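Given as structure tokens, the chain that follows is alone and in the form predicted on its own.
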């Protein structure tokens, strides 16, 4: 099976602090991969590194004379090492990040947020994707004229995922998609994520602290502690692991 994304020996330093410690992980094309771990385990840093946002952070820090960010290792996407590729070029190649805490445009309407996401898509492609977003998230269709800032947390998360889909991802990075949601909304989002993968074939990488609802839908998963991978395996292997049961299922 082909790996769309291959991360090898990735290390990220913030000044002298080690944030990512020798991480190697693969995302098979058309599959769902999970990264699990507590706060500060390094999940978001990995997502920023794959999407290239860390390069923007690095430039801003250098301009301010702040902490030095160092990235070592390799990130192969579709067979090419993209470790130095600009984030905008990664997005054009289909690497799309749906960030933690949604980051929607609060003053723009739901429809405007979605259209902003599809700005690089062909007109017919954008129209088809918009129809699809309204199919998997019917609540957004009812709210399409409402400013993003007036949506509930769950509605904002649906909008953030919808906006990411409008950008025509081949690899969709979801950073903490269940953060702060009720159990009912968690179920709605998990079903939508599973449907997106099944119906569009988009490859998904999900970073999540609250692993319990996500573990059953992944094909492969990695557990992080202190920036390093401590466990990896299929959904069943992780769910059967005593340490995972203890940490995430209270068993």
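Residue numbers count along the first chain shown, from 1. All of these numbers come straight from a predicted model, not from anything done at the bench.
Another form exists, predicted together with a small molecule; not displayed. Remarks below refer to it.
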- Message: Under a 4.5 angstroms heavy atom criterion, identify the one residue in 220, 188, 209, 197 near the small molecule in the model of the complex.
- Response: 209
- So which of 67, 56, 225, 29 gets a non-hydrogen atom within 4.5 Å of the small molecule in the model of the complex? 67
- Message: Is it the case in the model of the complex that 81, 85 and 93 each bring at least one heavy atom within 4.5 Å of the small molecule?
- Response: no
- Message: Please pick out the stretch from 210-218, 43-51, 197-205, 180-188 that is in contact with the small molecule in the model of the complex, where contact means heavy atoms within 4.5 Å.
- Response: 43-51
- Task: May I ask you to check whether residue 100 falls inside a 4.5 Å heavy atom distance of the small molecule in the model of the complex?
- Result: yes
- Message: Residue-level contact is defined here as any heavy atom of the residue lying within 4.5 Å of the small molecule in the model of the complex; does residue 176 satisfy this criterion?
- Response: yes
- Item | 4.5 angstroms heavy atom contact with the small molecule in the model of the complex for residue 63 | no
- Heavy atom of residue 238 within 4.5 Å of the small molecule in the model of the complex: no
